[in-house]
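We begin with a single chain expressed as structure tokens, specifically the form predicted alone.
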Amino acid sequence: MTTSDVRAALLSADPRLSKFSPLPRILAFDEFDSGTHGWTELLGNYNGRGDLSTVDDHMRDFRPPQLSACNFFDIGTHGALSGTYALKLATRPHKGHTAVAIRRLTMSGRGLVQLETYFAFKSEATLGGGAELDNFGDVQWDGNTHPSEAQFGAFTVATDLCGDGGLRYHTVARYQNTDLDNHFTRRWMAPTVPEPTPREHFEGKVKLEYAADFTAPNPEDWQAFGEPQELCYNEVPTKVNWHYLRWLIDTDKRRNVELQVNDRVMDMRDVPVPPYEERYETLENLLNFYFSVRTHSSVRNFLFLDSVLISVDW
């Protein structure tokens, strides 16, 4: 048997890993049934006195991720794909609010980097109220489609990368379920501008308010890629169906490569990856990953992650 044969046999024999397709070197395998594994809340920068009031308004309240057994009012404990607990990102019930979980690493080489995960997305279930709650956005309750699906905004997977003398850039893939008027779009998008940074805010170049879209605040600075894709919301807000996501980027060429979501593979090589014009210090070989969820309604939105695997070809 060759080394590749042995590796393939070991991966296929491990039920935790056999549902993934990693590159040759696994950097991190985070199964959230055993903890948060370094995924934490993203908080903006603050001054040398530890004064949290100096954090940018739009980055003060991203909410920490939590371990969740996916409990719901009607069925009790749903559980995760790989056990009892998943990592849960939850927004506030405020239109535009975003919750973020970030994982911080560094690069020991350049080349292909792949992130894989099993995820689910939901709006919070609404209890009580009148018949008007049977209608929202494009949805009228008909025994199949549920208004809570139109109450879910968007989720994002992204990186924050820096190297080669302070050249910083982000790769980003966002699933926009609805627009800000709660109409279904169900499309994948990427920003055409770099993400605003605390240094730019400090220098007076940008000023964002609470609940602004921190990845790219202007809706005009987003472009769709691939064809629209309907995911499996599955009717009501308490049915959790896990989706497979595999995202491949190239840190040598500083570009996206492809995105796979369930059975669809999208070529992302032509999706722009705009770098910052200025160089950044203290960030050499930065390799950060983040997930975010953003509500476009006054209903809390949730993103559940069962497990995450990060691998490279270095």
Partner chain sequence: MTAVLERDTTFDTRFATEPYEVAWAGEARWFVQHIGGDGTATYVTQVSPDGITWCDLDALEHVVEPGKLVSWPVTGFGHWLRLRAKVEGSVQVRIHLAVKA
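Note that the structure is a prediction, hence the values are computed from the model and not measured. Positions refer to the first chain, counted from 1.
Here the subject shifts to the form predicted in complex with the partner chain, a form of this protein not shown in this document.
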State the residue from 260, 66, 288, 285 whose non-hydrogen atoms include one within 4.5 Å of the partner chain in the predicted complex. 66
Only one of these stretches, 135-143, 171-179, 186-194, 92-100, has heavy atoms within 4.5 Å of the partner chain in the predicted complex; which one is it? 92-100
Is there a non-hydrogen atom of residue 88 within 4.5 angstroms of a non-hydrogen atom of the partner chain in the predicted complex? yes
Any non-hydrogen atom of residue 232 within 4.5 angstroms of the partner chain in the predicted complex: no
Please run the contact check for residue 202 against the partner chain in the predicted complex: heavy atoms, 4.5 angstroms, yes or no? no
Using a 4.5 Å heavy atom cut-off, state whether residue 71 contacts the partner chain in the predicted complex. yes
Scan 115-136 and note down the residues that get a heavy atom within 4.5 Å of the partner chain in the predicted complex; none is a fine answer too. 124, 125, 127
